[in-house]
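Heads up, the chain below is alone and in the form predicted alone; it's given as structure tokens.
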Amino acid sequence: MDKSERHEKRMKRQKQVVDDSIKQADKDKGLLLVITGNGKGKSSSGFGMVARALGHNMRVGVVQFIKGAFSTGEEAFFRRFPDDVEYHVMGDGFTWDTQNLQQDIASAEAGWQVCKQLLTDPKIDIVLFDELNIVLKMHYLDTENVLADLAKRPAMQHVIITGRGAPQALIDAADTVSKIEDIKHAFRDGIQAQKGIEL
């Protein structure tokens, strides 16, 4: 048997495995996705799903925690679709910039009130809570209360939560969890954040 024949035989077996898995995936529900880890690309992944959802004519809600001291490219872009995207920036900047615990907690609580409104709106198909993991890690919000609110959302509403340090309880509750690893970053070589990449 030559290389091409072996490849064809292997791919036929692989296709059967994939086809069987697709047949078994017969449930339909709103997903809770968590994107965490120290690597770059957590928010980028979340906003990629937002763009994908818009391509399917879905309505989207975005709440950005922590960020807020400067405008980002994703905010500038998605605000171009006010009929399809509810966009809320609720942060005051990174915690090392604000240096005000009570202000950070108040901002997080105000942000979660906006999240709760989105989580009760059946017309919103997908929500992105950007950097919520950091807020939970810093204990600005109670994780169990957040999980309780998430559990009450409309059955087909998808939720994406990004940020470093996702608490274990959130990971346990999620349907899909991705951890982005930090292997190498330009910033450590003295290269500043770049528009279109980090900003």
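Here the structure is a predicted model, which is why all the values come from computation and not from measurement. In case it trips you up, residue 1 is the first one in the sequence shown, and so on.
Keep in mind that the form predicted together with another copy of the chain is not shown, yet the notes after this line are about it.
Contact with another copy of the chain in the predicted bound form, defined as a heavy atom within 4.5 Å, is made by all three of L33, A53 and V177. Taking the partner from the other structure, another copy of the chain in the predicted bound form has no heavy atom within 4.5 Å of any heavy atom of P154. When contacts are judged by a 4.5 Å heavy atom cut-off, Q113 does not count as touching another copy of the chain in the predicted bound form. For the chain shown alone, S44 is a contact residue for another copy of the chain in the predicted bound form, at least one non-hydrogen atom being within 4.5 angstroms. In the predicted bound form, another copy of the chain lies within 4.5 Å of some heavy atom of I126. Of the residues in 184-199, those that come within 4.5 Å of another copy of the chain in the predicted bound form through at least one heavy atom are, in sequence order, K184, H185, A186, F187, D189, G190, I191, Q192, Q194, K195, G196, I197, E198, L199.
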